[in-house]
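Have a look below at one chain only, the form predicted alone, in structure tokens format.
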Amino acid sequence: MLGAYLDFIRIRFLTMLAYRVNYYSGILIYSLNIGVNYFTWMAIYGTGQSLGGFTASQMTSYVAVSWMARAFYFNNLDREISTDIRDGSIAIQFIRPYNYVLVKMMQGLGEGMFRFMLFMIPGMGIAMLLFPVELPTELSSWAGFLVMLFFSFLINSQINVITGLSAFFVENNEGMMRMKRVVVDLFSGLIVPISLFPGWLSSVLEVLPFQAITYLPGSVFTGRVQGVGIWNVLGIQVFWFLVLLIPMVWLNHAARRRLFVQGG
């Protein structure tokens, strides 16, 4: 079955490649997002040297890598699963000789590989030309960041799968999907680094999985976390990956007992 699952990665990659022109505009949009955030943060810094533990140069790099990392880990697995449930095609998927949730994760990985090679890397190159982005100088920082980037994809995809499977129980989870996207973007540190949140809220976010998606990898890339600290934050990601497996597997099994199809 391993070969079959790998085929799902390949097929999704080739599908994305067929529509690659759409992602050229995506690079432009993400570059504009980085530009807006860059000039906003520079105006906030003014002549100040540090804010929330970030220097102005670190904030520039954090903004650029955070948005381009999102280009890799972002996917619409929640919407795909919700659509399968609403149109009833999930019934056919469930009787096929493979694990539906694992197939979705493989498809998401295929999309992520396309996004990494043809969206994130070119986009990061453009961001470096336009803004004073500083790259890590330590090999350990590069290795730690790339491994953490993969776990960012896994954790974000797990949250998407859990949100998508919730359609079995609420029937229409459109509002939930929209709320999830806002919550992930805000509380992951994409829009505002978690260290800049009020103390009580920052403490709450430290015990939630969202920081593992953007804030922790971004902190490694900018050099705010180094050496042994990289292993510590990677451990946080691994912990949340394992924890999120529980509701994802439980919902998958519970959904099979609740399966119904509306319409004729």
Partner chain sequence: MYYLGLIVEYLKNYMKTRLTYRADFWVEVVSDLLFQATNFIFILVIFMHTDSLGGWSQNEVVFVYGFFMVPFGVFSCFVNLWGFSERYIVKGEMDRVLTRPAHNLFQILLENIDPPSLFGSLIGLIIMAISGANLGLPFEWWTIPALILLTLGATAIYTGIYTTLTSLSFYSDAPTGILPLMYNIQTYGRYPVTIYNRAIQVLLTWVIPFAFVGIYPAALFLQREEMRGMALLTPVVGAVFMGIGLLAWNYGVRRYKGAGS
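Residue numbers count along the first chain shown, from 1. Just so we're clear, the structure is a prediction, and the values are computed from it rather than from any experiment.
Below, we refer to the form predicted in complex with the partner chain, which is not included among the displayed structures.
Against the partner chain in the predicted complex, the set Asn33, Phe39 and Phe197 is in full contact: each member has a heavy atom within 4.5 Å.
Shown alone here, Tyr19 lies within 4.5 Å of the partner chain in the predicted complex, counting heavy atoms only. In the predicted complex, the partner chain stays beyond 4.5 Å of every heavy atom belonging to Tyr62. Remark: Gly26 counts among the residues lining the partner chain in the predicted complex, judged by a heavy atom distance of 4.5 Å or less. Contact annotation: Ser140 falls outside 4.5 Å of the partner chain in the predicted complex, judged by heavy atom distances. Screening 172-180, 104-112, 155-163, 132-140 for residues having heavy atoms within 4.5 Å of the partner chain in the predicted complex returns a single hit, 172-180. Interface residue among Val147, Leu118, Val192, Met128, judged by heavy atoms within 4.5 Å of the partner chain in the predicted complex: Val192. Contacts of stretch 48-75 with the partner chain in the predicted complex, defined by any heavy atom lying within 4.5 Å, are made by Leu51, Trp67, Arg70, listed in sequence order.
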